[in-house]
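Before any questions on how it binds or moves, here is one chain, the form predicted on its own, in structure tokens.
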Amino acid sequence: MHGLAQLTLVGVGPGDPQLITVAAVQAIEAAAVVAYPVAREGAEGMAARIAAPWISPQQRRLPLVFPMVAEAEPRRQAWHAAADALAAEVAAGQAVVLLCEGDSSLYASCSYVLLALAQRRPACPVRVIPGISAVSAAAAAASSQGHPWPLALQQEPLLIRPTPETEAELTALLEQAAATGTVLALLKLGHRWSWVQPLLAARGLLEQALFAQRVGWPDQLVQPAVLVSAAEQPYFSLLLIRQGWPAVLP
């Protein structure tokens, strides 16, 4: 039985289907149309792969091409096209979900569709279901492996951002984080690890840092950064850096 004629943006978590929330599963199962981003025509979407156990053959799949290019205009056109296609499905009376890897509001492709809908199709009813982020899943995985890694305690700030592009920018960020007691979560580490690793080693920070790669997938790797070589790493890698602890601890 299909749900209301609306668009639901569904965060499906970082990889493990078991990390999808009950609300997300219910929304997926109630949908007549399951939309998801793909990098090119005919490609398999990572979000669709995560949610596959909850998608039935009776549901219509709607892959939406979000090109992975640096130029702004092709991406903008893709977001507009996706927003129009999704709004048209809802206007035709369909219950539609748009699957989003990770959390639906944190560096999420579907956030651009959300903004495009607000601009182009404001009458389209939209619901957003949050998902577990790779940052939270990585910290939990480390703690489950005997490396306690609370993301933030007491009054500690937590900064989540893409890994800086230059050594100078990362050095300044580390110094600022040390001065303010801020825990850093650096996403999209990838090829930058080849220069980030020696920089952290020179500052004595590898022991306090956690490296995570393809969190939630069968080939997940979560371990202290000191154990990871300086070789280039996949795009879906992240780094958690803690330079201190609160004064009051067990």
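Numbering starts at 1 and follows the sequence shown. Quantities reported herein were computed from a predicted structural model and do not represent experimental measurements.
Just so you know, the form predicted in complex with a small molecule exists too; it's not on screen, but the next bit is about it.
- Shown alone, this chain has one stretch from 168-176, 101-109, 119-127, 71-79 that lies within 4.5 Å of the small molecule in the model of the complex by heavy atoms: 101-109.
- The small molecule in the model of the complex is not approached by Gln233, whose heavy atoms all lie more than 4.5 angstroms from it.
- In the model of the complex, no heavy atom of Arg61 sits within 4.5 Å of the small molecule.
- In the model of the complex, Leu187 approaches the small molecule with a heavy atom inside 4.5 Å.
- Contact annotation for Arg214: at least one heavy atom lies within 4.5 Å of the small molecule in the model of the complex.
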